[in-house]
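One chain comes next, on its own, written as structure tokens: the form predicted on its own.
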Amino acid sequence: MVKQEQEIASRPDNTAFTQQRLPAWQPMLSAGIVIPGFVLIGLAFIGIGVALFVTSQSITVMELDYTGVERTSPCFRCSDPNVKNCVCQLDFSIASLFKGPVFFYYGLTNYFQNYRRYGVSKDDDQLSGDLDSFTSPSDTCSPYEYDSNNKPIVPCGSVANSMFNDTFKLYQIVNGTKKQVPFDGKGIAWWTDYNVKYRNPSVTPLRDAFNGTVKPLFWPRPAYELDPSDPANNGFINQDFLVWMRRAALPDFRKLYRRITEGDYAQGLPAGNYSLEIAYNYPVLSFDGRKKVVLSNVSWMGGKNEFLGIAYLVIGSLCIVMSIIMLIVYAKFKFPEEE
């Protein structure tokens, strides 16, 4: 009797949900539904693919390699690691208006920022402004925790230590004279990086927070002096630093350096001759890498990306082909009762 009462008490409630009596609908897939469905999906994908591909083709991209491997390259002398503070110049021309806004990128090849040990070599507490981590960096930063004098490195780690430090100035040649093209470096980093992930210590002046520490080994100046022209663009919220710290997924990548959106160049770069002045500092030949600058504009879909449009076209075409194959198979092997 007791056992029977326990069984009754353990049963689910007698409701439609617990007893699985809810109404249900199961589609009956037939040739009359599947074949037209594949056709409609294929046509939709092809339409989207054509729009993406045509839009991508309208985006202008200009790449200039300045690694300096070739003896004829203007930057050949600067590629010698023994030459310090070297400046080289690339001259190029634009045949027609390079429509704006123009985005100026630097690119690196054969550079594996997605390598796990490289990616974890940083101190997140330090980069969020924790002063205790300034004097005692995390051991994840090894071997860039301390310098040879056992002073803590801020910011520590391989990612920060390897920050890209080539600088660029672009000039338009007008009647034989150089007219500098203004660069806009504000807002080039992710909003979440600037406002959430990375923070400076609450110390004024910022220089005092770095007392007793040293800059990364390969940096020309400490973090609090990354941008001498703008005090608000220093420390761990420096835009160039934030762009570099967001690691690339592939070994060949480009990162945003500046935008060209101001003055006489708000509508883009006019046709004419230009000169790019490069302060060549970043070594890449030791790992068989290459360096380049990229000028590009964008559209509603972002930057130039032919793969996305081609992928939609291929999938859409496959859907159409499959619908034709299914129609032929159905017409030849359909069951007698469906005649």
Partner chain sequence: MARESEDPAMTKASKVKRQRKKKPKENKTRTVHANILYDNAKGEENPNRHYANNEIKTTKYTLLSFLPKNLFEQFHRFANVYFVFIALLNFVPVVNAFQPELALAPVVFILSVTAIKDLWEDYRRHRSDQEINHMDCLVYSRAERRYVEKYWKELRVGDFIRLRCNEILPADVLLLSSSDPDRLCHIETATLDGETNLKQRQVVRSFYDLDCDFNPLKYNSIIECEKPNNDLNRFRGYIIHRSGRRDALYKENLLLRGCTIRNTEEAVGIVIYAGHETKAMLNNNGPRYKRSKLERQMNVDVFWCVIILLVMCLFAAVGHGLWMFQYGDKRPVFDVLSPEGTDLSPIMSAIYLFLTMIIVFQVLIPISLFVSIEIVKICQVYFIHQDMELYDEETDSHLQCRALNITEDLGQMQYIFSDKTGTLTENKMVFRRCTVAGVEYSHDANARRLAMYQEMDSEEEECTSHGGTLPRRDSVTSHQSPHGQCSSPPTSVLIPLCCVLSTDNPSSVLQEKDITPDPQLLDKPTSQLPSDLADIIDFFIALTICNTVVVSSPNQPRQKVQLTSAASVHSSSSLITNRSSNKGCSSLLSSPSAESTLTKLDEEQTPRGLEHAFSPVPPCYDGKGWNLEEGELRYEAESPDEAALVYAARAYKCSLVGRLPDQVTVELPHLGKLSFELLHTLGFDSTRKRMSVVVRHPLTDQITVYTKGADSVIMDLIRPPDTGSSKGKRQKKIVNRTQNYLNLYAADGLRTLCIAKKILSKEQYACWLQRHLEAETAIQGREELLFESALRLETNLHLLGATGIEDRLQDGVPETIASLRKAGLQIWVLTGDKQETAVNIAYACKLLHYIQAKFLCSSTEQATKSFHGSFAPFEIYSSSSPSSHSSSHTAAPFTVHRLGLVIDGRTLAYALDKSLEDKFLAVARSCRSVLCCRSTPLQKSMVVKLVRNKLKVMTLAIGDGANDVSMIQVADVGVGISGQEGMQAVMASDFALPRFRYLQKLLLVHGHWCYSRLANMILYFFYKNAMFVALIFWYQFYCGFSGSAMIDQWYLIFFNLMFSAFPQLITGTLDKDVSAETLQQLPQLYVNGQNSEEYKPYMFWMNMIDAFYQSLVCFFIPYFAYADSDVDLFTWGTPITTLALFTILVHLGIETKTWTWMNWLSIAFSIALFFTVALCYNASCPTCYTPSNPYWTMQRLLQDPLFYLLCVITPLVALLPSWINSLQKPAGTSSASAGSRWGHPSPAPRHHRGPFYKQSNRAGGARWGPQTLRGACQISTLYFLQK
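Basically, rigid core = biggest C-alpha set you can superpose within 1.5 Å across the two forms. Numbering follows the first chain given and starts at 1. Remember, it's a predicted structure, so these values are computed and weren't measured experimentally.
What follows is about the form predicted together with the partner chain, which we do not show.
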Heavy atom contact within 4.5 Å of the partner chain in the model of the complex, the stretch among 73-81, 230-238, 124-132, 205-213: 124-132
Just to be sure I understand the contacts: of S136, S142, T261, T167, which is the one whose heavy atoms reach within 4.5 angstroms of the partner chain in the model of the complex? S142
Please run the contact check for T60 against the partner chain in the model of the complex: heavy atoms, 4.5 angstroms, yes or no? no
Is L29 part of the interface with the partner chain in the model of the complex - any heavy atom within 4.5 Å? yes
Find out whether any non-hydrogen atom of K255 is located within 4.5 angstroms of the partner chain in the model of the complex, and reply yes or no. yes
Does the partner chain come within 4.5 Å of any heavy atom of K179 in the model of the complex? no
Between 291-318 and the partner chain in the model of the complex, list the residues on our side with a heavy atom within 4.5 Å. K292, W300, M301, N305, F307, L308, A311, Y312, I315, L318
When the rigid core is used for the superposition, does L29 move between this form and the one not shown (threshold: C-alpha shift of 2 Å or more)? yes
